[in-house]
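Consider the single chain below, provided in C-alpha coordinates and representing the form predicted alone.
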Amino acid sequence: MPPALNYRFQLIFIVVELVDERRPVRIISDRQLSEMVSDLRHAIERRKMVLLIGLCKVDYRGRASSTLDYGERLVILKTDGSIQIHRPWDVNPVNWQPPDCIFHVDLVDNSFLRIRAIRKSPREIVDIIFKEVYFSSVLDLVDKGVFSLYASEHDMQRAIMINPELVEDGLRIISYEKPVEPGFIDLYGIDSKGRFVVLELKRRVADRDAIVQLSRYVEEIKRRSPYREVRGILVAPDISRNALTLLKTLHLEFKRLDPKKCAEVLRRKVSEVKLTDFFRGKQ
(Lines give C-alpha, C1' and ligand atoms only; values in the text may rest on other atoms or scores of the structure.)
Protein backbone atom coordinates (compact mmCIF):
# COMPACT_ATOMS: atom_id res chain seq x y z
CA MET A 1 0.00 0.00 0.00
CA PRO A 2 1.47 3.39 -0.98
CA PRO A 3 2.52 5.55 2.01
CA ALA A 4 0.17 8.34 0.86
CA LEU A 5 -2.81 6.14 1.61
CA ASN A 6 -1.74 4.98 5.05
CA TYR A 7 -3.67 7.72 6.79
CA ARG A 8 -6.87 6.65 5.11
CA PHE A 9 -6.78 2.90 5.36
CA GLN A 10 -5.86 0.74 8.31
CA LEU A 11 -4.85 -2.88 8.13
CA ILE A 12 -7.63 -5.07 9.47
CA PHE A 13 -6.84 -8.48 10.88
CA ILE A 14 -9.67 -10.97 10.55
CA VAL A 15 -9.63 -14.01 12.78
CA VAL A 16 -11.54 -16.93 11.32
CA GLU A 17 -12.52 -19.98 13.34
CA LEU A 18 -11.76 -23.09 11.33
CA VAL A 19 -14.61 -25.55 11.08
CA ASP A 20 -13.65 -28.93 9.62
CA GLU A 21 -10.56 -27.19 8.18
CA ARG A 22 -12.72 -25.01 5.93
CA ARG A 23 -11.63 -21.38 5.63
CA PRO A 24 -14.70 -19.24 4.92
CA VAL A 25 -12.57 -16.09 4.54
CA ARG A 26 -9.09 -15.77 3.07
CA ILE A 27 -7.44 -12.35 2.87
CA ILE A 28 -5.09 -11.73 -0.05
CA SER A 29 -4.45 -8.02 0.51
CA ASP A 30 -1.11 -6.25 0.86
CA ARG A 31 0.32 -7.89 -2.24
CA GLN A 32 1.54 -6.48 -5.53
CA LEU A 33 -1.08 -6.42 -8.29
CA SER A 34 1.01 -8.83 -10.34
CA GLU A 35 0.96 -11.32 -7.44
CA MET A 36 -2.81 -11.09 -7.08
CA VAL A 37 -3.53 -12.30 -10.62
CA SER A 38 -2.84 -15.97 -9.87
CA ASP A 39 -4.72 -15.80 -6.57
CA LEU A 40 -7.83 -14.38 -8.24
CA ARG A 41 -7.67 -16.82 -11.14
CA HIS A 42 -7.41 -19.70 -8.69
CA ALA A 43 -10.43 -18.44 -6.73
CA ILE A 44 -12.57 -17.91 -9.84
CA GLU A 45 -11.71 -21.36 -11.23
CA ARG A 46 -12.97 -22.88 -7.98
CA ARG A 47 -16.13 -20.75 -8.04
CA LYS A 48 -15.34 -18.76 -4.91
CA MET A 49 -16.81 -15.38 -4.07
CA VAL A 50 -14.34 -12.50 -4.40
CA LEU A 51 -14.44 -9.02 -2.84
CA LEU A 52 -12.18 -6.22 -3.97
CA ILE A 53 -11.96 -2.62 -2.76
CA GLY A 54 -9.79 -0.19 -4.61
CA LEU A 55 -9.24 2.58 -7.12
CA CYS A 56 -10.69 1.43 -10.42
CA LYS A 57 -12.38 2.46 -13.62
CA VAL A 58 -15.11 0.58 -15.49
CA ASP A 59 -15.63 0.24 -19.25
CA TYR A 60 -18.76 -1.41 -20.65
CA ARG A 61 -19.42 -2.54 -24.21
CA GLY A 62 -22.54 -4.31 -25.36
CA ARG A 63 -26.06 -3.16 -26.13
CA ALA A 64 -24.74 0.32 -25.35
CA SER A 65 -21.41 1.60 -24.08
CA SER A 66 -20.28 3.49 -21.01
CA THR A 67 -17.18 4.55 -19.13
CA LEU A 68 -16.86 5.23 -15.43
CA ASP A 69 -13.70 7.11 -14.56
CA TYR A 70 -11.43 6.19 -11.67
CA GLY A 71 -12.96 6.11 -8.21
CA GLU A 72 -12.81 4.06 -5.02
CA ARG A 73 -15.35 1.25 -5.25
CA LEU A 74 -16.40 -2.17 -4.02
CA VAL A 75 -16.43 -4.98 -6.61
CA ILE A 76 -18.16 -8.31 -5.93
CA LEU A 77 -17.67 -11.43 -8.05
CA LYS A 78 -20.25 -14.05 -7.05
CA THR A 79 -20.18 -17.81 -7.39
CA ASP A 80 -22.94 -17.82 -10.00
CA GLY A 81 -20.89 -15.71 -12.40
CA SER A 82 -22.60 -12.42 -11.61
CA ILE A 83 -20.77 -9.20 -10.84
CA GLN A 84 -21.66 -5.99 -9.01
CA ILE A 85 -19.75 -2.70 -8.80
CA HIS A 86 -20.76 -0.41 -5.94
CA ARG A 87 -19.90 3.22 -5.27
CA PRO A 88 -19.68 4.46 -1.64
CA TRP A 89 -23.35 5.48 -1.85
CA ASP A 90 -26.66 4.14 -3.20
CA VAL A 91 -28.20 0.72 -2.62
CA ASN A 92 -27.98 -0.16 -6.32
CA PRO A 93 -24.73 -1.04 -8.11
CA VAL A 94 -23.42 1.51 -10.62
CA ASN A 95 -22.74 -1.39 -12.98
CA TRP A 96 -23.54 -5.08 -12.88
CA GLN A 97 -23.86 -8.22 -14.96
CA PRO A 98 -26.22 -11.17 -14.39
CA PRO A 99 -25.12 -14.77 -13.68
CA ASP A 100 -23.14 -16.98 -16.09
CA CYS A 101 -20.48 -14.43 -16.99
CA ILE A 102 -17.01 -15.68 -17.82
CA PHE A 103 -14.28 -13.95 -15.82
CA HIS A 104 -10.76 -13.24 -17.02
CA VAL A 105 -8.01 -11.77 -14.84
CA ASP A 106 -4.77 -10.31 -16.20
CA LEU A 107 -2.25 -7.51 -15.82
CA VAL A 108 -2.32 -4.57 -18.23
CA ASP A 109 0.95 -2.77 -19.03
CA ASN A 110 2.48 -4.50 -16.00
CA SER A 111 0.77 -1.87 -13.85
CA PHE A 112 -3.00 -2.36 -13.77
CA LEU A 113 -5.10 -5.32 -12.61
CA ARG A 114 -7.92 -6.01 -15.06
CA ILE A 115 -10.98 -8.14 -14.39
CA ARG A 116 -13.05 -8.77 -17.49
CA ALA A 117 -16.61 -10.13 -17.29
CA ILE A 118 -17.94 -11.51 -20.57
CA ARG A 119 -21.56 -12.34 -21.19
CA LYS A 120 -22.20 -14.39 -24.32
CA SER A 121 -25.86 -13.67 -25.07
CA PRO A 122 -26.40 -10.83 -25.52
CA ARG A 123 -22.72 -10.10 -26.05
CA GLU A 124 -21.56 -7.76 -23.27
CA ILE A 125 -18.12 -7.04 -21.83
CA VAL A 126 -17.30 -5.20 -18.61
CA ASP A 127 -13.67 -4.29 -17.93
CA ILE A 128 -12.75 -3.29 -14.38
CA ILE A 129 -9.25 -1.88 -14.28
CA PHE A 130 -7.68 -1.40 -10.86
CA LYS A 131 -4.92 1.14 -10.42
CA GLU A 132 -4.69 0.20 -6.74
CA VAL A 133 -6.29 -2.52 -4.59
CA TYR A 134 -6.72 -1.63 -0.92
CA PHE A 135 -8.41 -4.84 0.20
CA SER A 136 -9.23 -8.18 -1.37
CA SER A 137 -10.56 -11.45 -0.06
CA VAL A 138 -11.75 -14.84 -1.24
CA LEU A 139 -14.90 -16.15 0.42
CA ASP A 140 -15.98 -19.76 0.65
CA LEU A 141 -19.48 -19.22 2.05
CA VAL A 142 -22.22 -21.79 2.56
CA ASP A 143 -25.84 -20.63 2.48
CA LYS A 144 -28.60 -23.23 2.28
CA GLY A 145 -31.26 -21.13 3.98
CA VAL A 146 -34.71 -21.02 2.40
CA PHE A 147 -35.93 -17.50 1.64
CA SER A 148 -39.63 -16.92 2.28
CA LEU A 149 -41.35 -13.69 1.29
CA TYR A 150 -44.88 -13.99 2.55
CA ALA A 151 -46.48 -11.17 0.63
CA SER A 152 -45.83 -7.71 -0.72
CA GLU A 153 -48.43 -4.95 -0.58
CA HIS A 154 -49.33 -5.87 -4.14
CA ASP A 155 -49.88 -9.48 -3.05
CA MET A 156 -52.05 -8.29 -0.16
CA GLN A 157 -54.08 -6.29 -2.65
CA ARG A 158 -54.57 -9.30 -4.93
CA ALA A 159 -55.48 -11.58 -2.02
CA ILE A 160 -58.16 -9.20 -0.69
CA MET A 161 -59.61 -8.85 -4.18
CA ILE A 162 -59.87 -12.65 -4.37
CA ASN A 163 -61.19 -12.97 -0.82
CA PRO A 164 -62.59 -9.69 0.61
CA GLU A 165 -63.61 -11.58 3.75
CA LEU A 166 -59.98 -11.25 4.83
CA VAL A 167 -61.04 -7.75 5.88
CA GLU A 168 -64.69 -8.30 6.81
CA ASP A 169 -67.76 -10.27 5.81
CA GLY A 170 -69.94 -8.73 3.13
CA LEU A 171 -67.21 -6.49 1.72
CA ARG A 172 -67.25 -6.17 -2.06
CA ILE A 173 -64.28 -4.71 -3.90
CA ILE A 174 -65.28 -2.51 -6.85
CA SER A 175 -61.98 -0.85 -7.77
CA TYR A 176 -58.25 -0.88 -7.10
CA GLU A 177 -55.56 1.78 -7.55
CA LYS A 178 -58.42 4.25 -7.82
CA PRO A 179 -56.98 7.66 -8.78
CA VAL A 180 -57.92 10.55 -6.49
CA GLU A 181 -56.40 13.98 -6.00
CA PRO A 182 -53.89 12.95 -3.27
CA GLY A 183 -52.78 9.75 -5.08
CA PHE A 184 -54.17 6.24 -5.62
CA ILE A 185 -56.49 4.28 -3.33
CA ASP A 186 -55.21 0.72 -2.86
CA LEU A 187 -58.69 -0.82 -2.75
CA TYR A 188 -62.13 0.71 -2.97
CA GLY A 189 -65.33 -1.14 -2.11
CA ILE A 190 -68.80 -1.27 -0.61
CA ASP A 191 -69.66 -2.95 2.69
CA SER A 192 -72.73 -5.00 3.56
CA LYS A 193 -74.66 -1.82 4.51
CA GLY A 194 -73.93 -0.02 1.23
CA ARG A 195 -71.25 2.28 2.64
CA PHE A 196 -68.19 3.15 0.59
CA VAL A 197 -64.97 1.66 1.99
CA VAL A 198 -61.48 3.02 1.37
CA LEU A 199 -58.69 0.51 2.11
CA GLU A 200 -55.07 1.48 2.66
CA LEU A 201 -52.66 -1.49 2.77
CA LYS A 202 -49.32 -1.76 4.56
CA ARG A 203 -47.24 -4.94 4.82
CA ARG A 204 -45.30 -3.65 7.84
CA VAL A 205 -46.21 -1.85 11.05
CA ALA A 206 -48.39 1.10 10.04
CA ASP A 207 -47.31 4.54 11.21
CA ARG A 208 -48.86 8.02 11.35
CA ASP A 209 -48.03 8.71 7.71
CA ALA A 210 -50.29 5.83 6.67
CA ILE A 211 -53.14 7.28 8.75
CA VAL A 212 -52.74 10.73 7.22
CA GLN A 213 -52.70 9.22 3.75
CA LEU A 214 -55.87 7.21 4.42
CA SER A 215 -57.59 10.25 5.90
CA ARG A 216 -56.93 12.28 2.76
CA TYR A 217 -58.38 9.56 0.56
CA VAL A 218 -61.50 9.29 2.72
CA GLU A 219 -62.05 13.06 2.67
CA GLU A 220 -61.74 13.10 -1.12
CA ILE A 221 -64.35 10.33 -1.51
CA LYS A 222 -66.65 12.18 0.90
CA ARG A 223 -66.26 15.30 -1.19
CA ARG A 224 -67.19 13.38 -4.32
CA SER A 225 -70.11 11.56 -2.67
CA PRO A 226 -71.51 13.92 -0.01
CA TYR A 227 -74.66 11.84 0.53
CA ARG A 228 -72.94 8.49 1.11
CA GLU A 229 -71.28 7.31 4.29
CA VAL A 230 -67.57 6.58 3.77
CA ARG A 231 -65.41 4.34 5.92
CA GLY A 232 -61.62 4.25 5.97
CA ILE A 233 -59.87 1.02 6.96
CA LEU A 234 -56.13 0.65 7.42
CA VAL A 235 -55.04 -2.95 6.76
CA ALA A 236 -51.65 -3.99 8.15
CA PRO A 237 -50.02 -6.68 10.32
CA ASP A 238 -49.70 -4.15 13.17
CA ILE A 239 -49.94 -0.46 14.00
CA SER A 240 -47.81 1.80 16.17
CA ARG A 241 -49.29 3.23 19.36
CA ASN A 242 -49.14 6.83 18.14
CA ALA A 243 -50.74 5.86 14.85
CA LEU A 244 -53.56 4.04 16.65
CA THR A 245 -54.33 7.15 18.70
CA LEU A 246 -54.49 9.29 15.57
CA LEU A 247 -56.62 6.65 13.83
CA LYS A 248 -59.27 6.79 16.56
CA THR A 249 -59.20 10.60 16.60
CA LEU A 250 -59.95 10.69 12.86
CA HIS A 251 -62.68 8.01 13.22
CA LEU A 252 -60.88 5.56 10.98
CA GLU A 253 -60.60 1.80 11.46
CA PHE A 254 -57.81 -0.75 11.68
CA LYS A 255 -57.86 -4.36 10.48
CA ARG A 256 -54.98 -6.59 11.50
CA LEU A 257 -53.96 -8.85 8.61
CA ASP A 258 -50.89 -11.06 8.45
CA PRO A 259 -49.25 -10.97 4.98
CA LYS A 260 -48.62 -14.70 5.42
CA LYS A 261 -52.38 -15.31 5.29
CA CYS A 262 -52.52 -13.35 2.02
CA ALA A 263 -49.76 -15.53 0.58
CA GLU A 264 -51.75 -18.63 1.50
CA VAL A 265 -54.81 -17.27 -0.33
CA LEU A 266 -52.72 -16.68 -3.45
CA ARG A 267 -51.18 -20.16 -3.29
CA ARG A 268 -54.62 -21.75 -3.01
CA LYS A 269 -55.84 -19.70 -5.94
CA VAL A 270 -52.94 -20.83 -8.12
CA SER A 271 -53.58 -24.46 -7.16
CA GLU A 272 -57.27 -24.15 -8.00
CA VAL A 273 -56.49 -22.64 -11.39
CA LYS A 274 -54.02 -25.41 -12.24
CA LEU A 275 -56.49 -28.10 -11.16
CA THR A 276 -59.28 -26.52 -13.24
CA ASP A 277 -57.02 -26.32 -16.28
CA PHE A 278 -56.15 -29.97 -15.80
CA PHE A 279 -59.74 -31.13 -15.79
CA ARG A 280 -60.60 -28.92 -18.75
CA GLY A 281 -57.79 -30.56 -20.68
CA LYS A 282 -59.14 -33.99 -19.85
CA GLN A 283 -62.59 -33.18 -21.16
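Nothing here was measured: the structure is a model prediction, and the numbers come from that model. Start at 1 with the first residue shown and count on from there.
Not pictured, yet referred to below: the form predicted together with the DNA.
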Legend entry - Heavy atom contact within 4.5 Å of the DNA in the predicted complex, the stretch among 90-98, 138-146, 159-167, 106-114: 90-98
Legend entry - is_contact(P182, the DNA) in the predicted complex, heavy atom dist at most 4.5 Å: yes
Legend entry - in the predicted complex, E200 touching the DNA (heavy atom, 4.5 Å): yes
Inset, instruction - State yes or no: in the predicted complex, is some non-hydrogen atom of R228 no more than 4.5 angstroms from a non-hydrogen atom of the DNA? - result: no
Legend entry - Partner contact for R73 in the predicted complex: the DNA, 4.5 angstroms, heavy atom: no
Legend entry - Residue among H251, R46, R63, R256 with a heavy atom within 4.5 Å of the DNA in the predicted complex: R63
Inset, instruction - With the DNA left out of view, choose which of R216, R224, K57, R41 has a non-hydrogen atom within 4.5 angstroms of it in the predicted complex. - result: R216
